[in-house]
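Heads up, what comes next is one protein chain in two forms, each shown on its own as structure tokens, labelled structure 1 and structure 2.
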Structure 1
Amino acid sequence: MDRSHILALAPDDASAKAGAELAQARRWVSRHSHPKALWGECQGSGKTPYLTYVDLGNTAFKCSCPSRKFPCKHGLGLLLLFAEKKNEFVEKSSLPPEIEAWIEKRAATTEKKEQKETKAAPKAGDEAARLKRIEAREKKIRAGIEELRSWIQDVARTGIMNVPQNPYHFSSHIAARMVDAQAAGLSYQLRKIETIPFYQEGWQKSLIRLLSKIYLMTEAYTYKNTLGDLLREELDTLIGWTKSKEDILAQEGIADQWQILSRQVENEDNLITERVWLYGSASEKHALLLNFYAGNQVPEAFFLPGRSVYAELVFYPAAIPQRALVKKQGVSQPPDLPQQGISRTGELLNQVADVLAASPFCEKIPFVLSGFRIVMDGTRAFFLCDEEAIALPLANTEESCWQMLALSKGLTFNCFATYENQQLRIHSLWKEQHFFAGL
């Protein structure tokens, strides 16, 4: 694992910078290595040095420091130092008992979790009672949808000009009502209203687009029996119906060498959401791994952008399948990044039209692009432009756009991007084998 991959594990830029500063032998009282792990003592501001462990098998960290960030700067620093100066470490033929116990406990937990996910759970309860519960929930959802449709119609009649004054109050009641109606997916869509930047010009378009999408979902659900099987299952999931992981994993998967092109970790209300985008080298399919961690749980960061992994993935049913689960997984390997992708804006938009025609509720449409470059217009807005000078606006932050412009030196590059609300969001870019993620 090289420096860029290690720094990609940092929870924020400050941790990455602090970790890089600790990647010096003089900052460590002791440094030890074993094929399975690293460990060392780093002298902090207190009397007792901090004891830091790194599991090399699954890239996990443990440290006695009080930091709540994961990984902390000490774990990053120790791993960086090992990657760049292995000779600074004292090689050990055996692990200390406490580190060996930690690694074995993590391995046992992982194995138990995999067994639980792959083992089909027995059907509980009487079939007639189960059907009755489904019928009762369906009735609650449809009643909630009727209330939501009336609310949207009222909004259309009264107007939206006062929404920016208190966007939370605008939608909080109806969002809570959708939770009561067991339509959590609709509640999630309504909560997005609070994230609209009402301080920016053009917020009206974003709000109307979101309300229109929600209304379209309710219209489709009202007549869902007329839809195709896959689109109906996708719509059920968006509304709030869920399928167990066991049922998904029971399906046949796609085995491929999957390139890890993007990893995003968000923390909101004590819930960590991890999104990992993969691209199959042979299948040329995109896959989204969506994981949730609550409380003190932390992602293990196995899927590192810029690496690849041989795995069998199983996709959730959808008109355009994206979200997937890992059924079988190999070890992380060096990348074999795709060097060819869509190279014309017109071709990209044609594919967007095809996807939305099949799945009008799709929020993010993934693409591997090649031969594009970043340009800026007279208003300092950034665009992704093809060789024919046809461009699409970028959804990345201004800081991120400047960073990508500097990395690419104004020249063409390959990238992984998602099409979102008539804009492109670049997640990673690469030129030959130089890979940059976390943009």
Structure 2
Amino acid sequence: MDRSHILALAPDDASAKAGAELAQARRWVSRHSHPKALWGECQGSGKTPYLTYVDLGNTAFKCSCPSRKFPCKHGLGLLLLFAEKKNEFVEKSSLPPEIEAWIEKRAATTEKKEQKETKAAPKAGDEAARLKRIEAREKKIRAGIEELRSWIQDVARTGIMNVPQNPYHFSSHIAARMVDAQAAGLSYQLRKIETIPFYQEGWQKSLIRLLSKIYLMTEAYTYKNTLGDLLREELDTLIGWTKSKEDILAQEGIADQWQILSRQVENEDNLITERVWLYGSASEKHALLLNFYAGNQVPEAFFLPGRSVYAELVFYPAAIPQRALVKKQGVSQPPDLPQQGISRTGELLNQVADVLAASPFCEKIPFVLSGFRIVMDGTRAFFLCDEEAIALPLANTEESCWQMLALSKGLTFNCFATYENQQLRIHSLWKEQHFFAGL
């Protein structure tokens, strides 16, 4: 792990800065390393030094300091110091009992959780109540969907010309009604209207496209019994039905060496959403780990882009399975980045057509691409272009596009990108084993 990887773990810029300042040997009363863990004592403002542990296997932290941030500056500082000056650490052949106990406890907790999640089965008595609850919810959702369909039809009748004058109020009420109707997925889709850039030309297409797509979802839900099992399950999830982790983890997973190609973290209304895209070296499958953390919840383990991890993943049932859960996880390892991917825009678009045929609701389609380069058209818009000069527009910001140009120097490169709304968004790129994420 290098400095940028470690600093990417910081919960905020202040922690990253403070962590970097603690990455000096003198700040630590003691520094020890073992292949499995690091531990050290950091002299803070109090009399007793803080005791900090870092689990190197799954990149986890523990510290006796009172900070609510996770990882705290001490954990970051210790790991940074180790990354930059291994020789400042006293190598130990065995772990101290308390650290060994911590690592074992973490392993045991994970295992227990996995077992619990895998084995949990509803009690017979609960089943009737559960079915009743499902029936009641279904009723609510159907009523909500009817309301939404009427609303969209009204919009279609009166036209969207005046929407840019007050885009937030345009959909906020109906989005809230969908929450009331326990169709949180539809509410999420409606809230996307607020993200449409109404100040830019082209908003008309984005808006009507989104509204018609939501309408299609409601149509599909109305006739869901005519759909295939997998598409029906995908649709249920999109509408807002949730699946228990236990049910998912009870299925057999795919064990592979998963390359961590992207990690995006969004913080909205005190809810942190983490999206990690993985790519299986042997299975050549893409997987999306979607995690939500509310308030002071902290991730159990970190997925660092540019690293790889041996893990068993279980996919949520869908026509195009993408979202997955980790069933078993090994230690973080150096990457083995795919050097071959789709190299023609035509091939990419054929796959997009196949995906849309299987699931018209699929929003992001992941691809590993190779031999593409960035070009600009006469209006200085950025495109990703194959060797036959067939290009697709890039959804990345202008800043990110220039950054990618600097990294690639106008030459071809390999990258991980998602196809979304007729555009490509590059998440990471690499040349041989030089990996660049956070684009």
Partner chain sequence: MKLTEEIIKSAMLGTDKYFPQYLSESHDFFAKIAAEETEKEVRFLRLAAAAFIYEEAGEAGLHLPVALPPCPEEKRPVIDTATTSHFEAALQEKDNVLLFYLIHRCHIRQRVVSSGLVTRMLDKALEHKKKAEALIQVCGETGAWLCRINPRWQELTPVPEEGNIWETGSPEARKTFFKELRKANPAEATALLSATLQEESAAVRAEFIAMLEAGLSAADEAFLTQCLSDKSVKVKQIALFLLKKLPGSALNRLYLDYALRVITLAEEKQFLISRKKTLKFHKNLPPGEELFTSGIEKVSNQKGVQDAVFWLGQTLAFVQPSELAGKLGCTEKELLDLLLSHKEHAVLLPYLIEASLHFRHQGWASQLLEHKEVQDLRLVQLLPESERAPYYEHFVSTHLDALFAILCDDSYTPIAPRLAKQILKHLQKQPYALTHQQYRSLTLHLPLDLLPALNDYVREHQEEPNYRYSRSQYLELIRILEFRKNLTN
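We call the rigid core the largest set of C-alpha positions that still match within 1.5 Å between the two forms. The first residue in the sequence of structure 1 is number 1, and each one after it adds one. All values derive from a computational prediction rather than experimental measurement.
Shown as structure 1 is the form predicted on its own, with the alternative form given as structure 2. With a cut-off of 2 Å and the rigid core superposed, residue 10 has a Cα displacement that reaches or exceeds the cut-off between structure 1 and structure 2.
Comparing the forms between structure 1 and structure 2 on their rigid core, the Cα displacement of residue 20 reaches 2 Å or more. When two forms of a protein are overlaid on their rigid core, residues whose CA moves 2 Å or more are considered shifted, and residue 90 is one of them between structure 1 and structure 2.
Relative to the superposed rigid core, residue 81 shifts its CA by 4.3 Å between structure 1 and structure 2. At residue 101, the distance the Cα travels between structure 1 and structure 2 is 9.9 Å after the core is superposed. A C-alpha shift of 3.5 Å is found for residue 59 between structure 1 and structure 2, based on superposition of the rigid core.
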